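Presented as C-alpha cells, the chain that follows is alone, the form predicted on its own.
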Amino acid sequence: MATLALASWATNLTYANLTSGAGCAIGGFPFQPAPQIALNTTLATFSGPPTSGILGANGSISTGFADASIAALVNGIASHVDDYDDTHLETIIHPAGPVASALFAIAEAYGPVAGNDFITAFVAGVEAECKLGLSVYPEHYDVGWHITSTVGSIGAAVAVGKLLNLDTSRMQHAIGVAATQVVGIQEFFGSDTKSFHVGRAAQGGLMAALLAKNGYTSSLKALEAKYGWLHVVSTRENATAYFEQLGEIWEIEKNTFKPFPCGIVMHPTIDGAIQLSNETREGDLKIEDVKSVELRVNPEVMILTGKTDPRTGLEGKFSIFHAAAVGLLYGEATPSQFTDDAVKNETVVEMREKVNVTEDESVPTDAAYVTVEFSDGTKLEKHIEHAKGSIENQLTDEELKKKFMEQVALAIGESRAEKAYEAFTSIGNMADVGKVRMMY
C-alpha cells in the first residue's frame, strides 16, 4: 500500500518531526533562453491574474509575475537550466527545483503561509521524491527516464498538498494525478527540454494537488497497482521498504550542492583537472604543453556525459571531454565555461581532443583518476576520492553563499542579491513566505 503509506506519512508530518535553490532559479532566468521563451510563450496565452513571482525577473509586474501554474513552470525551468542545482547523490535526483518552484508559486497565490509550514511541506516533498526514486533506482534511470522530473511531479504534489492541508484520501488522489503525468527522458539532455522536464514537474504537481483539493479523483493505489507508476516505469521496485523508513532516515540530510554547473558525474574529473591546473601553474610546466589527458571513471560517466563533440553550452554540460578541458585550461568551471562561445573556443576544442576516457566499474561515481602527460614526458596524476560537493566533501556555508552571490548578482545586481540571500535564508522565521519575492 505504497500510495497510502506515503499519503499518510505526509499528511501527519509536523514541523516538530523534522531534523535539524532559490539562487539557481534567479541566476538561471536571465542568461539562458529556455525560461524566458517559456514565460513569453505562456504568459499572454495561458496565464491568469499575476499572483506569483518569477524569481529571476527584473521587469514590471506584467513580466515579473504570472499565475501560480505559469510561475511554477518558469521557475522550475530556471532552477534547472544551468545544471547548478542540489543533488541527492544516491539517485542523482535534483529534488529542490520541482518542489520549491511549486511551493513558492502556491504560497504567493494562496497565502499567507508561515515559514514553518513552508519548510515542513518542502521536506515532505523532498522525502517523497527521494524515497520513491530510491525504490526504483538505478533500473528506472538506466532505461532512460529523467528521474528528477519523473519523481519531481509527485514530490511537488505531496508538498503542495501538505501546504493545502489535504486529508489522507485527497493526498492519495493528488499523488495519483501527479503520477499519471510522468515526464522526462534522457534523450533531451543537452537541450532546453531537459529543464522543461523540471518546470513541467513543478507545474503538474501543483495542478495535481489543487485538483485533489477540489474533489478530483485518480487511483488510491496509483503507485503500487499492477499498472501503476512503480511497475510501469521500472523493472524493479522496493517502495515498501523505503517508505517504511519515512521519518526515520531523512533523505534531505543526504542532499548536496553542486560546485560546478554541469552533470554531477563530471564533478570528480573537474575537481581533479582544476587541482592539476593549479599544480601546473605553480611549477615549471605549462598548460599549452599538455600532450594527453587520461581519465579513469565510472561507466555511468560515459552513459550520461559522453558527448565527444558538443556544439552548444548546454551540450558542454554533458561532455566529460569538455569538462576536463576547461578544468585544466581555466582552473575553474563556472557558468562562463559552459557557454556556446566556450564550447566553440579553438583552444578548448584542441584540449578536448587530447582527452581519453577509460571506464572502470571499480571507480565510484563521485571519484575519478586524472592523469596529464606533458610533451617532455612529465606526468601529473590526481585521484579524487570524493568530489567537492559530495557528502564527504561538502561545500561550506561560505562557499554556498559565494555560489549564490555569484549567480544572483549577475542577474539582479549585487545589492539586490544580498537582500535575496537574506530573504531566502530567513524563510523559517517568516510569517508569510509569499512576500519573499518583494524583499529583494
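Residue positions are given as counts along the sequence shown, with the first one as 1. Note that this is a predicted model, so its numbers are computed, not measured.
Omitted from view is the form predicted in complex with another copy of the chain, to which the following refers.
The putative spot formed by S47, G144 and Y227 is fully lined by another copy of the chain in the model of the complex; each residue has a non-hydrogen atom within 4.5 angstroms of it. At the 4.5 Å threshold, heavy atoms of Y216 reach another copy of the chain in the model of the complex. Contact annotation: F196 falls within 4.5 Å of another copy of the chain in the model of the complex, judged by heavy atom distances. Under a 4.5 angstroms non-hydrogen atom cutoff, another copy of the chain in the model of the complex has V232 among its neighbouring residues. Although the partner is absent here, I54 sits far enough away that none of its heavy atoms falls within 4.5 Å of another copy of the chain in the model of the complex. Here the chain stands by itself, but in the model of the complex one stretch of 67-75, 358-366, 93-101, 121-129, 67-75, has heavy atoms within 4.5 Å of another copy of the chain. Checked against another copy of the chain in the model of the complex, the residues T41, T396, S415, S375 give one hit for a heavy atom within 4.5 Å, which is T41. When you look in the model of the complex, the only residue of L211, V349, A114, I252 with a non-hydrogen atom within 4.5 Å of another copy of the chain is L211. Of all the residues from 174-204, those having a non-hydrogen atom no more than 4.5 Å from another copy of the chain in the model of the complex are G176, V177, A179, T180, Q181, V182, V183, G184, I185, Q186, E187, F188, S191, D192, T193, S195, F196, H197, R200, Q203, G204.
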